[in-house]
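What follows is a single chain, given as structure tokens, in the form predicted alone.
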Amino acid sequence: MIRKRIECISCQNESCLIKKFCHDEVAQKFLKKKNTIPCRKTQNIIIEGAPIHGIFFVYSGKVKVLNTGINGREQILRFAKDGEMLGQRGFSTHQYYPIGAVALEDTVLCNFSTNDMRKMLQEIPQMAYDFMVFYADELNRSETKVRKFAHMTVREKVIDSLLYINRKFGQKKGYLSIRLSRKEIADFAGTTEEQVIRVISVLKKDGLIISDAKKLGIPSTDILKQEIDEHHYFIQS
């Protein structure tokens, strides 16, 4: 795992909101203050309810973002991959993180303090605008997910979640390139582990997905999409 400091100018994550400004003279003084943090698989990156200590960007790895629902049940809000941001929900007047984040595999993060991040946005208008657009897109995705999930069956929720995971992380050698437990799929789909197990079993019998132990694969995403076409295949990655 990478332990040395990562320079933004050499980063390969072109979609990163910070990477876009690595040549900006104003930004460079803040980039020098960035921390590089290696995290092991299952390690807590952000603890829900903990005091805010900045914003994170995934340099490499996979992360689940979650919060605690009714009766202490974990609800996975989204997944993050290389170049994506973590902790932005705490970047406001909040004093504590309203969400948690856990590494799904060995992960390397870039971290900016809240103070440095605020100053950077104040001094670089274009970066502030890009962040505004990011927040607007994220809000739209969240609202759409809540609205459409209310009209989906359990089977449709599981299918949509699998298609989202495929768009987010892709497949390797015929299987999704991320291994999630049935419980994690359920926590994201908004259903129970038992229901996910039943739906996956039926989808396998229907030839819509394949499995090998914990690995899941989608032979044809186009055919699977047809199951939820009426919902406009809505959850974006």
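These numbers come from a predicted model, not from an experiment. Residue numbers here begin at 1 and follow the sequence given.
Not on display, but discussed next: the form predicted together with the DNA.
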(Q) Suppose contact means a heavy atom within 4.5 Å; in the predicted bound form, does that hold for all of R182, T192 and I197 with the DNA? (A) yes
Q. Looking in the predicted bound form, any heavy atom of S201 within 4.5 Å of the DNA?
A. yes
(Q) If we define contact as a non-hydrogen atom of the residue within 4.5 angstroms of the partner, is R73 a contact of the DNA in the predicted bound form? (A) yes
Q: Answer yes if any heavy atom of H23 is within 4.5 Å of a heavy atom of the DNA in the predicted bound form; otherwise answer no.
A: no
Q | V154, heavy atom within 4.5 angstroms of the DNA in the predicted bound form | A | yes
Q: Considering the DNA in the predicted bound form, find the one stretch among 168 to 176, 27 to 35, 182 to 190, 48 to 56 with heavy atoms no farther than 4.5 Å from it.
A: 182 to 190
